[in-house]
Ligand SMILES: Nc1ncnc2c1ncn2[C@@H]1O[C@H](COP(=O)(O)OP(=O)(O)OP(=O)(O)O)[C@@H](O)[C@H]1O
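Okay, so here's just one chain, in structure tokens, the form predicted on its own.
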């Protein structure tokens, strides 16, 4: 079983994000989803087997399902050049050739339920990112309608929630209006699909880019457990936080270790790795209706 922590490709410089490695080919990029996992703004020393392949496959499913302008060009390693094709055993299923776009410096967050930082703000002020909500809502309550709550993209640390007006000041009102509408539309369609699979899409975030001619593209990962909060519908009820299809097992375990979150984190025990990998796999299989099969695990 391949566990990819780093995707070093000879002859190309690499920019490493928390969980993805990006290679610049000039007017195109190669994005490789590794099996790294992050929590509390730290990359952990233990990888989750096949996480990168699972999230890549799920992003590809959503791009096909949504049929919106996006940056994907190919997943064929031969299109990326010999250096990538020669590493097919490691990179197959986790590498995407994409158009290079100027990243809009805003996380486009859509929330349909009251959870996470939104729930914390609502308890104090009755608002989420400055948007007033009805009184008396409980944790995980479904909102009267989905809301758009942008955030800044920070190089380190947490992204910062901002108002729509602040977003407009940063990138221009016309673009802000367009991204809000596009993000809400995608959330609505994805939420309906998730519901048909027995899942609730509580919230998600999108990233957008612009080509030199002004065309707006959906970029980065889309509607994965790393960028979205999925809940099993049969375990949902208001007033509590339902289990989610993401790295919650990792966060919960780290909270029990005494780790101070200011120094390198401890390695994950095998049972936490296995349960987390199973959750990623289950999310893919439920959303796509397809089995990853034993062939993926054997790579």
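Positions refer to the first chain, counted from 1. Keep in mind that this is a model prediction, so the values were computed, not measured.
The form predicted together with the ligand exists for this protein as well; it is not shown, and the discussion that follows is about that form.
The chain is drawn here without the ligand; in the predicted bound form, the stretch among 249-257, 264-272, 25-33, 56-64 whose residues come within 4.5 Å of it by any heavy atom is 25-33.
Mapping the unseen interface onto this chain, residue 281 falls outside it, with no heavy atom inside 4.5 Å of the ligand in the predicted bound form.
Contact between residue 143 and the ligand in the predicted bound form is not found at the 4.5 Å heavy atom cutoff.
Shown alone here, residue 71 lies within 4.5 Å of the ligand in the predicted bound form, counting heavy atoms only. Taking non-hydrogen atoms only, residue 18 approaches the ligand to within 4.5 angstroms in the predicted bound form. Of the candidates 216, 171, 88, 103, 103 is the one whose heavy atoms come within 4.5 Å of the ligand in the predicted bound form; the others do not.
Site annotation in the predicted bound form: the residue of 162, 133, 98, 147 reaching within 4.5 Å of the ligand with a heavy atom is 98. Residues of 230-257 are not found to place any heavy atom within 4.5 Å of the ligand in the predicted bound form.
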